[in-house]
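The form predicted alone is given below as one chain in structure tokens.
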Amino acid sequence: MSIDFSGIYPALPTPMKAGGEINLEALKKLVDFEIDQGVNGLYVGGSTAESFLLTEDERKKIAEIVLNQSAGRVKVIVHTGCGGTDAAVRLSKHAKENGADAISSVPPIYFKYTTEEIIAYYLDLMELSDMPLVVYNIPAFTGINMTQGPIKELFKHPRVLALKHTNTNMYELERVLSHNPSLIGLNGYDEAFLSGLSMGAKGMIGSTVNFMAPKFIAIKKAFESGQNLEAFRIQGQVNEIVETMVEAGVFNAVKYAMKLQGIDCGICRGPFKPLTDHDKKRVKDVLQKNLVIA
């Protein structure tokens, strides 16, 4: 397998109508908007998409729409993680059948699985779907750190092509990449992208990429050309935006930012709470200050 998964990927939100159903037309518009920004690929069905608040059928439909609309213009990674192996395998097979470039998954959550059980989960996803895998490490959400202990052996598997490292421990990222030279590191925390690049990441998958991909593309370009002060300056702009959005409620803030860009993504499903008018103003102000919107 020789697919290069380096680059910038927005973690797509799931556009919702007022009644809570998925807005498929807005999703198509979102796909085109992201590709027009110059991203390298799309990450579908992850945390930003509210994956664990969606039904299995909804997740399949979203993947179908994104894959059809993108039409091979960029790479598409479909997150198929579920609470159990059977559903995750069904989603992974579906991604394969519809032309995804790779699957991705958080480790199985809620029950306290052994390391052997977690590794077996990932092996089942890869082998039963015949797909390459992007491991999604997000210990703050799952309680499982994929870059610590014996579980790191998973990265030696030939089908594990990339790591989505949503963790601020960049030492662990650097060590995993050092011991697995063919593995592509993709930073998962937007506010730490420059840090990730300095420790060997070759790109990122992030929520705020949706509405300001040019800033992340510029950070990567500046870093790779040795313009570190410029990269740091742009990262500071990103971080001011991220700080405000996290305080407001990041997933709904991302959807609101997309509305300001002309794509109405609605609001997140409960128990997420909609943004207040005060927080909407804060988000709009910080986006204008940092030249994301007019």
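So that there is no doubt, residue numbering starts at 1 and follows the sequence shown. Please read all numbers here as calculations on a predicted model, not as lab measurements.
As for the form predicted in complex with 2-(acetylamino)-2-deoxy-D-mannose (MN9), it is not shown, yet the points below apply to it.
Counting only non-hydrogen atoms, choose the one of 247-255, 222-230, 31-39, 261-269 that falls within 4.5 Å of 2-(acetylamino)-2-deoxy-D-mannose (MN9) in the predicted complex.
Only one stretch qualifies here: 247-255.
Candidate spot F141, S207 and V242, all three in 4.5 Å heavy atom range of 2-(acetylamino)-2-deoxy-D-mannose (MN9) in the predicted complex?
Spot residues vs 2-(acetylamino)-2-deoxy-D-mannose (MN9): full contact, yes.
My question is simply whether Q235 lines the interface with 2-(acetylamino)-2-deoxy-D-mannose (MN9) in the predicted complex - judged by any non-hydrogen atom within 4.5 Å.
Residue-level check for Q235: no, no contact with 2-(acetylamino)-2-deoxy-D-mannose (MN9).
Under a 4.5 Å heavy atom criterion, is H79 part of the interface with 2-(acetylamino)-2-deoxy-D-mannose (MN9) in the predicted complex?
No.
Exercise: E191 in contact with 2-(acetylamino)-2-deoxy-D-mannose (MN9) in the predicted complex, heavy atom 4.5 Å:
Yes - in the predicted complex, heavy atoms of E191 and 2-(acetylamino)-2-deoxy-D-mannose (MN9) come within 4.5 Å of each other.
Although 2-(acetylamino)-2-deoxy-D-mannose (MN9) is absent from this view, report whether V283 comes within 4.5 Å of it in the predicted complex, heavy atoms only.
Taking the distances in the predicted complex, the answer for V283 is no, it never comes within 4.5 Å of 2-(acetylamino)-2-deoxy-D-mannose (MN9).
2-(acetylamino)-2-deoxy-D-mannose (MN9) in the predicted complex - contacting residues of 144-182, heavy atom within 4.5 Å:
Heavy-atom contacts to 2-(acetylamino)-2-deoxy-D-mannose (MN9) in the predicted complex: K164, T166.
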